[in-house]
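In C-alpha cells, the next block holds one chain alone, the form predicted on its own.
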C-alpha cells in the first residue's frame, strides 16, 4: 500500500482510549495537487476520529464524484467505504445508515457534487436528519474538469482565464438551516484547530451534522479575483465564536470566563462550548443564524464557526425506532410477522 499523506500538526498522543495510534487511521497516498485544501481536511478528519477514539472498523465513508470525493481513500483505510455515482451519495448513505445504526457515518462531497447534480438528494437527507457527518469541500469550481464555476461561486469572482461569474451563489449553510438541519457549521481548511473541534462535535451529534468547508483549489481557484483562495479566506474570515468541545469521556474543565460561554450538551453527554465574540449571537436561534449568514455575504465576509445547533432534534433512526442490531443480522422470526399477526391486521381492516 502507498504511504498516507498523514501529517498531523501539533502534539499527538501515542495511543488513544481504544489502544490505537494515529497511524491506524491513515489512508492511501493522495493524488491531489500539492497544497490542496482537501488534503488538509483529510488530516483534520484523521485527527478528530483518532482523538474521539472511534475505531476505523466502525466507520462508514461515503462520497460521490469529484476531487473531494476521492479523499475518503486518503483516511481510515480500515473503514468501510462506498464511492457512489455523481450526486447520489446521500441515497446510498441513507440506506446504509438505516440498515446499521451502529456505524459512524461520514460523507465527503464537493460543491459541484452537492450543490448541483446532487442537490435534491442532499436536501432530502437534511430534512430526514440522517445520522452522519456531511462535509462539503467547497472550492467554488469543478476542479476535476479544469475549473468551471460551481453553484457556490460568488457573484463577481473571477476564473484564471478572466471569466467573471455573473450568477448569485448558493449558500449551503443557509440552505441546510432552511431544510431543518440541527447542526450547521462552516470552516476553513487553513484553520485546523477550529476544524478539528467542529468535527469532534459533529461526530458526537446524533443527527445530520452539516459542515461547509472553504477548501481552496490551488490549481484553478487560488488567484487574485477568487473569493475561495487562501489569501482571500484569511483576509475575510469572520470567526463567529471560539469553539470548544469536551467529549463525554473526558472530565469537564472549562477555562472560559463565566458569562461569556454558551454551554450546549449533546445527547451522549459531550459538551460544545461556544465563546461569544458577538454579544447577542445565539447559535440556537435559526432566524438569527440566517440573518447573520446574509449579513456576512453582504459584507463580503466568510463566516466560520457553528452557525446553528439544535441538540434536541431527533435523528431519523430515533424517529423510526430502529433497533440497535444491524438489520441484516436479524433472524426471520424477527423480521417476518407470524400468520396470526397478519390475520389480526386483516381482521382489523375488515
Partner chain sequence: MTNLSDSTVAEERDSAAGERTNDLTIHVATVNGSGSQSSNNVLMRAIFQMGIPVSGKNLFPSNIAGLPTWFTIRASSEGWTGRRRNVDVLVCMNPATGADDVKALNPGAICIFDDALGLEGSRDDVTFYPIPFSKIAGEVTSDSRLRKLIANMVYVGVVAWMIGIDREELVSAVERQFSGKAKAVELNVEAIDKGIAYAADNLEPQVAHRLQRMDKTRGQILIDGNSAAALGAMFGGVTVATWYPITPSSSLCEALIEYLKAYRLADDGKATFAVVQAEDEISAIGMVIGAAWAGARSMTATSGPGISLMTEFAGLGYFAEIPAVVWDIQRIGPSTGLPTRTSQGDLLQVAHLSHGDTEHIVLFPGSVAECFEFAMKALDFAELFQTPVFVLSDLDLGMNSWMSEPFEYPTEPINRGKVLTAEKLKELGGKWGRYLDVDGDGIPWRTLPGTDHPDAAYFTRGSGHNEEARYTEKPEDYVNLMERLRKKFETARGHVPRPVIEREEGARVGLIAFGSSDVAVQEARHVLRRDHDLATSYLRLRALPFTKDLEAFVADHDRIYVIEQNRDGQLRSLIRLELKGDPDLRSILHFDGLPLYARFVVESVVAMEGEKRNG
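A quick note: this is a predicted structure, and the numbers were derived from the prediction, not measured. Numbering follows the first chain given and starts at 1.
The form predicted in complex with the partner chain is left out here; the points below concern that form.
Trainee: Kindly confirm or deny that 225, 297 and 311 each have some heavy atom within 4.5 angstroms of the partner chain in the predicted complex.
Mentor: So, no: the whole triplet misses the partner chain.
Trainee: Can you pick the one in 77, 178, 165, 248 that has a heavy atom within 4.5 Å of the partner chain in the predicted complex?
Mentor: Selected residue: 77.
Trainee: Which residue, 121, 197, 129, 229, has a heavy atom that falls within 4.5 Å of the partner chain in the predicted complex?
Mentor: Selected option: 121.
Trainee: Just to confirm the contact call: exactly one of 40-48, 316-324, 283-291, 300-308 touches the partner chain in the predicted complex at a 4.5 Å heavy atom cutoff, so which is it?
Mentor: Stretch 316-324 is the one.
Trainee: Find out whether any non-hydrogen atom of residue 94 is located within 4.5 angstroms of the partner chain in the predicted complex, and reply yes or no.
Mentor: Close contact exists here: in the predicted complex, residue 94 approaches the partner chain to within 4.5 Å, heavy atoms only.
Trainee: So in the predicted complex, is the partner chain close enough to residue 174 to count as touching (4.5 Å, heavy atoms)?
Mentor: No.
Trainee: Does any heavy atom of residue 83 come within 4.5 Å of a heavy atom of the partner chain in the predicted complex?
Mentor: Heavy-atom contact with the partner chain at 4.5 Å: present for residue 83.
Trainee: In the predicted complex, does residue 88 come within 4.5 Å of the partner chain, counting heavy atoms only?
Mentor: Close contact exists here: in the predicted complex, residue 88 approaches the partner chain to within 4.5 Å, heavy atoms only.
Trainee: Using the arrangement in the predicted complex, list in sequence order the residues of 333-350 with any heavy atom within 4.5 angstroms of the partner chain.
Mentor: Residues within 4.5 Å: 334, 335, 336, 337, 338, 339, 341, 342, 344, 345, 346, 348, 349, 350.
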